[in-house]
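Form predicted alone, single chain, as structure tokens, below.
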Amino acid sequence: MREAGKYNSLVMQEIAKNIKVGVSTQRLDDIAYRKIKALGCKPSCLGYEGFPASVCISVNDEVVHGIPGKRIIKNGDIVSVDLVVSYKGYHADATRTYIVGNVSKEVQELVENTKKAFYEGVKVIKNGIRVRDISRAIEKYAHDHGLSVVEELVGHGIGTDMHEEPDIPNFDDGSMVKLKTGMVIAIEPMLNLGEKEVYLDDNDWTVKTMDGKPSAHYENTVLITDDGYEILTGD
């Protein structure tokens, strides 16, 4: 899984270099596919329950599962790239939200604080903690910074399957599941600038904010250790 995480990070870096005004989301997906294959990995998302692309690319009010296509990236967009790669049967999952050109201060802070909320969550990790300890830390940071937490979507365990138990919510749902050394989880705050409510687009994949305001997403694959954690997908 460390190897899968390393390759995930390399692919993400390649995608990030190409996120700019005038580039289509399909172009980014093509770049991702070629890099994944060149590294000897597989794109975990491609064909997953029928998903038609190698990577999820969500723009502005799209929270998750944006489908790459003809959409052209514009100045002022924020672009979330959710990437899962498989190496020798093991998956690594990461998401980054990138700012393109000029955005308002509140949108910039949304992106920055979503990343910081992730790190607030991992701060508490060590052998024996409960899932709700992570969830509480993320939720508190988000609310302290005026952001809402999407509740319909959560983090998850990860390994030989892309999505495994346990769920890792970004809000305190009371989960008393205990995390132990050697477990690997994907922690992924999804925070909105406006209200927390979301809806499913007509394409049956893309989740959008109900009020049309921007959403940001930050995720890493994280290994639980005796006295802390190890991030497997870069920073």
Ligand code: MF3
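Numbering starts at 1 and runs along the sequence shown. None of these values were measured; they are calculated from a predicted model.
Not pictured, yet referred to below: the form predicted in complex with this ligand.
- Taking the partner from elsewhere, E62 is found to have every heavy atom lying beyond 4.5 Å of this ligand in the predicted bound form.
- With a 4.5 Å cutoff on heavy atoms, W205 counts as touching this ligand in the predicted bound form.
- When this ligand is considered in the predicted bound form, I99 lies well away from it, no heavy atom lying within 4.5 Å.
- Residue contact with this ligand in the predicted bound form: C45 places a heavy atom within 4.5 Å of it.
- With the partner omitted from this view, the residue of I185, C56, I36, L28 that lies near this ligand in the predicted bound form is C56 [heavy atom within 4.5 Å].
- Proximity to this ligand in the predicted bound form, defined as a heavy atom within 4.5 Å, holds among D77, E120, D82, E164 only for D82.
- With this ligand left out of view, the stretch that reaches within 4.5 Å of it through heavy atoms in the predicted bound form is, among 173-181, 193-201, 48-56, 28-36, 48-56.
- Interface residues of 122-154, taken as those with a heavy atom within 4.5 Å of this ligand in the predicted bound form (partner not displayed), are absent.
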